[in-house]
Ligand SMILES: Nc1ncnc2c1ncn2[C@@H]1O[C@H](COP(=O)(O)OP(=O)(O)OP(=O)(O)O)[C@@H](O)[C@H]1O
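One chain comes next, on its own, written as structure tokens: the form predicted alone.
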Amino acid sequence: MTNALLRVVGLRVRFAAGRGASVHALDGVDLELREGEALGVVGESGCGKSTLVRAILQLVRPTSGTVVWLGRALDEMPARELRSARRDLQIVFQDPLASLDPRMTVGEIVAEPLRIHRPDLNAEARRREVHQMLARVGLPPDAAARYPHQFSGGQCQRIGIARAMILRPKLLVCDEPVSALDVSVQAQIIELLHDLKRECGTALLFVSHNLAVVRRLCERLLVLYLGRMMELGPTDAIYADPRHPYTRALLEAIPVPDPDVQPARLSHVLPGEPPSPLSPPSGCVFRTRCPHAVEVCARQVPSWETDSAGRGIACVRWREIGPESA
């Protein structure tokens, strides 16, 4: 991929867990993101999704690997340059209310990035910018004078999006931004993000455990399991023909409102829970739950292979496991 805004190479994150043990939160993630593109990151809880986006934003320091933003490695930037770069690197958090300061009015919350990164604006110019952005995310004119606790969860998430988008960033990271919302509000927020992406040319890195939500918003999809990449490629291609057994299991877990179809899909649901990241399985980390695992899967860490369409898969048997075997 050329002209990438963001390039992540060999990203690893380990957390100390006492007595010399460590948690393998991320183990060798490589990805690129272009201007205006949306990349979805999916997987079960604990697979490393949130750690990945926090490491990219340098909110968590990677153990190894490089995050390159506009041709510059973020970890090599002086503190002042990194602070300046954050103008174009914004995030929307999972819990709408908890991410907003309850002591500040909505107007103050949304204006804060302008005060930090746009000191050239006077108070009146900031006020105009804030009111325009609040209107753009669908909030009433009087919202600026109120406090976060006076709004619903969906409205609080709109406030969080307004705060993140007020600077028109080049990259917006969304860390499970709709998981705490009901289905109808989820749809509204996804539509809002889609429109803002189109209008501003902002690239999205969208984290979710909900593959149905990701499909509506993202052109490409990254599947993580226990901190490792399982599959990466165009979203439509992965939905139509998932190559990795774990990706297939995730897709089978999406409910279908058809009583004649859903029972058969439930028979494919993965048994048990993912292994502990304190002691991941040898070889392929997915092998302990994979219906296609063989002896070599315990001995060999799958190499990252690319098919003729440019899709990446980490599975030693992906060529021999056809759709009918899923």
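Position 1 is the first residue in the sequence shown; the rest follow in order. All figures in this text were calculated on a predicted structure; none of them were measured in a lab.
From this point on, the text means the form predicted together with the ligand, which you will not see here.
> To verify the annotation, which of these, 29, 55, 39, 47, has a non-hydrogen atom within 4.5 Å of the ligand in the model of the complex?
Answer to the contact question: 47.
> Would residue 129 count as touching the ligand in the model of the complex under a 4.5 Å heavy atom rule?
Residue 129 lies outside the contact set for the ligand.
> Tell me, yes or no, whether residue 15 is in contact with the ligand in the model of the complex, where a contact means a heavy atom of each within 4.5 Å.
The answer is yes: residue 15 has a heavy atom within 4.5 Å of the ligand.
> Are any of the heavy atoms in residue 176 no more than 4.5 Å from a heavy atom of the ligand in the model of the complex?
Yes, residue 176 is a contact residue.
> According to a 4.5 angstroms non-hydrogen atom cut-off, is residue 280 in contact with the ligand in the model of the complex?
Looking in the model of the complex, residue contacts with the ligand do not include residue 280, since no heavy atom lies within 4.5 Å.
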